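The chain below stands alone and is given in structure tokens; this is the form predicted on its own.
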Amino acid sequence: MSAPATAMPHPQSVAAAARVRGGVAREWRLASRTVRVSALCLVLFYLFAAFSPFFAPYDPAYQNRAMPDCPPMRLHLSAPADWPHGLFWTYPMRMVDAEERTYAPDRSRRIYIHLFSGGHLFTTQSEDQPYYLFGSDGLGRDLFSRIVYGARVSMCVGLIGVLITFTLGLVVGALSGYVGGLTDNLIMRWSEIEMSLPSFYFLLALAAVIPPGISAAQRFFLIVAIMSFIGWAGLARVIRGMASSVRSLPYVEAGRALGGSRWRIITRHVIPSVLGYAIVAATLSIPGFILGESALSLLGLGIQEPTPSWGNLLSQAEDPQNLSRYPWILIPGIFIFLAVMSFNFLGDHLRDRLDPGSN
């Protein structure tokens, strides 16, 4: 019997995939070094969010009460003879002053770091003998593991929030600008009311009424919904102005003359004409969601312990004494800064590429 024939890929799909790869490669060559570094940072942070159990060496909720506020531990390269034990090693830390929580390395022993062991990128033989890359918090929890798991909240809140805001602002703004009349007046007056509210204080007021007994997932989606409800009005107002200028263009009038329905003209002609600006605006608005969630979590109104987010990881830094003694607790703030700046640089690059006037 002859072997069954294997299905060959469709030539059009192969050509489309090649065009996508060529487009990505071309954009990568045209991007500046700053944009490339920003893109790599965002890819890394979203990998943290997607594969947290792999990147985090320990359970983010595990408390090593013997090592609270432990400083970052120095990494050493093993000699070739010791590579069977581990490629890297560190000295275990021992507390020398329980009141001041000061540590010193115990040079009589070594802790070997195991790469790709137990389903983790790196880990040690036991959680009781850990390697703290970024140190530990006040309860002895590994700060690096909590940062990795915190990326699930802090990075995803921007994407989900912008997806809701982007959809609402784009559809409502295009509808308002194309239809005009009473519908336009009602939508714009409502958006102006929302824009006139002090957004951060309004966000605090709405977050304060979230029931305290709900789960972390429910609280996360409620916070995203609240932030999206506040943020769509500004985008809708700009899209409305662009849509009102597009509706008088010849190709839109031709679609109307050929009997196209109102919804078909909006989705096939009006929305695609403003999509470039909307994508740039959505990219530039993601940092606002990240900072908003971080601020709420820092104030105790967002994601609650023990679920980590980059915002509530900074709560220990509110005490100046803790900050002066344990400066590594500010490391989550560095991740927030990198994520915000990366989205800003990427948004500026997209604006330069998608703005026809800049070419």
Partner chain sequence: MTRFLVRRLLNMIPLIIGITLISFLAMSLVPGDYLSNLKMNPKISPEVIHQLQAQFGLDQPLLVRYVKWLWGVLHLDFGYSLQYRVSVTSLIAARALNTVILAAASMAFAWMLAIPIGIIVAVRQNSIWDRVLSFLAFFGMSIPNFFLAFLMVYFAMWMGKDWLPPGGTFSVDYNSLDFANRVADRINHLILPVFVLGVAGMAGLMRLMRSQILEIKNSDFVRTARAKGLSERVVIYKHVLRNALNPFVTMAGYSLGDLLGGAALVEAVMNLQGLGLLLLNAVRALDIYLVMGSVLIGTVLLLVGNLLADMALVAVDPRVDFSSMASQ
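Numbering follows the first chain given and starts at 1. None of these values were measured; they are calculated from a predicted model.
Another form, the form predicted in complex with its partner chain, is not on view; read the next lines as being about it.
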* Any non-hydrogen atom of residue 303 within 4.5 angstroms of its partner chain in the predicted complex -> no
* Mark residue 30 yes when one of its heavy atoms lies within 4.5 Å of a heavy atom of its partner chain in the predicted complex, and no otherwise. => no
* With a 4.5 Å heavy atom cut-off, would you call residue 202 a contact of its partner chain in the predicted complex? -> yes
* To do: Although its partner chain is absent from this view, report whether residue 314 comes within 4.5 Å of it in the predicted complex, heavy atoms only.
  => yes
* Asked: Using a 4.5 Å heavy atom cut-off, which stretch among 209 to 217, 80 to 88, 124 to 132, 272 to 280 contacts its partner chain in the predicted complex?
  -> 209 to 217
* Exactly one of 66, 43, 323, 50 has a non-hydrogen atom within 4.5 Å of its partner chain in the predicted complex; which residue is it? -> 323
* Asked: Can you pick the one in 193, 96, 249, 75 that has a heavy atom within 4.5 Å of its partner chain in the predicted complex?
  -> 193
* To do: Report whether all of 59, 62 and 115 sit within 4.5 Å of its partner chain in the predicted complex, measuring from non-hydrogen atoms.
  => no
* **Contact set, 232 to 250 vs its partner chain in the predicted complex - heavy atom within 4.5 angstroms** => none
